[in-house]
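Quick setup: one chain, the form predicted on its own, written in structure tokens, and binding and motion questions come after.
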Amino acid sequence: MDKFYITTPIYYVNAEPHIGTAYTTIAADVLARFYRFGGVQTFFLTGTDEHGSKIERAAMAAGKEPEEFTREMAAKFSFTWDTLAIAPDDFIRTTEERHKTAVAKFLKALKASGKVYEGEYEGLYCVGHEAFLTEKDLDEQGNCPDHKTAPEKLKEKNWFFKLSDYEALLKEKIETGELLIAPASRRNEILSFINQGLDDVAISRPNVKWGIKLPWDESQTAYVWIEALFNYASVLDYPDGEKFKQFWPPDLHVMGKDILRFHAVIWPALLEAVKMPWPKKIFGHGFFTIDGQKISKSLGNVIDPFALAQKYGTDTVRYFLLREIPFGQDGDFSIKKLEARYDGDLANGLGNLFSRLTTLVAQNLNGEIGEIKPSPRSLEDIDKLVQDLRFHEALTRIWEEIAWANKYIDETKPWEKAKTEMKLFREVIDNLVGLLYEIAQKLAPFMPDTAEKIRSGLSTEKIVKAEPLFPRLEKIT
């Protein structure tokens, strides 16, 4: 692989960062770090989606102008990602001039493709989704099932994109794997959706001031989903930038399953219309519940990832989210489960191993081990698990090695060998130090701070008994 371009969706700034958006962004960061460590030219993008009627209304409710509101919310996202050790190569805001300029060029190319026409649309519009819904999308009360609100009946003159022209091509490329959609259940959902027949989609809205005007019709602004999708290209200085030449197309789009249709159906068709290569893979992960309940502001169970990291530590949050739930499946989050992982896996597992090993070296070898030797145990399979986004399994494998090492210390009792069989003691210690050092390397994409503490603790000229990697919970509560 000569390059790796990975994206999260850009997050809508009508709400603050939460545990769900953190989940997506941490996963993307792990992959970006993994490929960077492997020497692959990597570009990792995240950012914020800041246009549309929903943002206008949110700003109004906050008593602010859209410019001020979006600036403050974008800063909250950026700050939260910093706190969670998320290190994107760029953070794009759709209100930036570079994005507006690129979108204007894209829209002109789309119009020139002959796949755009003017028409009238009457339908049910959900402000929460910034999308039109059909009767079959609604619940028994006639409400949007996600937002529990009745959609607005709208009749508008819009510009449309001939999505229906791409039905056969989309189906072919997905079925052959040229466009990879994962996991398999999401791929099947998208194919089922396409098989029901694709309708043309509106690409503009009248009467929405907070947006990017169509180059050929300034009475209309680009439909927020259409222009937001193009952030993946505008950040690379489409169409002539060096970054665009180096990194396009995206190797992986990571997102929640609720926005998969936009990315796996509308987005590739738009790219085809303007003769741009498609993304290679799209991954739609599952949703969280909180203590068995759907995440909801009204229930008061929205979890702030910043506060979580402040209390339990950044690496704890990163570890728990990717270890607890197989990536791609739905799962449940709870503080009780997080604290159980903290005590069991982190404090008593990894933290205990690091403490025991540095203590043995400090007390019996005067803190000196010489050059760290490779472990005789193989951890090579972990890389493939990470590449396949099987984070849960990769972390499980690492913790199997941690458990093995702790058990090995229990069974061999090296502190006793240090008294009578120093050569054997050194052999045991060398094996364990080599293994722990490799464990730290494999952990580095997931838990960068912890991995660095382990590597530096084992690499100093004189090893001393380490401070606890994970203090007991009663001390941090």
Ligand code: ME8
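The numbering used is simple: start at 1 and walk along the sequence shown. This structure is a prediction, so every number in the text was calculated from the model and none was measured.
Unshown form predicted together with the named molecule; subsequent notes refer to it.
Here is the short version: of D258, E175, E72, D82, the single residue with a heavy atom within 4.5 Å of the named molecule in the predicted bound form is D258. Just one of H263, R93, R341, H392 comes within 4.5 Å of the named molecule in the predicted bound form, counting any heavy atom, and that one is H263. Contact with the named molecule in the predicted bound form, judged as any non-hydrogen atom within 4.5 angstroms, is confined among 204-212, 227-235, 115-123, 179-187 to 227-235. Taking the partner from the other structure, the named molecule in the predicted bound form has no heavy atom within 4.5 Å of any heavy atom of G457. In the predicted bound form, D49 approaches the named molecule with a heavy atom inside 4.5 Å. Not displayed here, the named molecule is approached by H18 to within 4.5 Å at the level of heavy atoms in the predicted bound form. Contact annotation: F132 falls outside 4.5 Å of the named molecule in the predicted bound form, judged by heavy atom distances. In the predicted bound form, the residues of 8-26 lying within 4.5 Å of the named molecule by at least one heavy atom are, in order, P9, I10, Y11, Y12, H18, G20, T21, Y23, T24.
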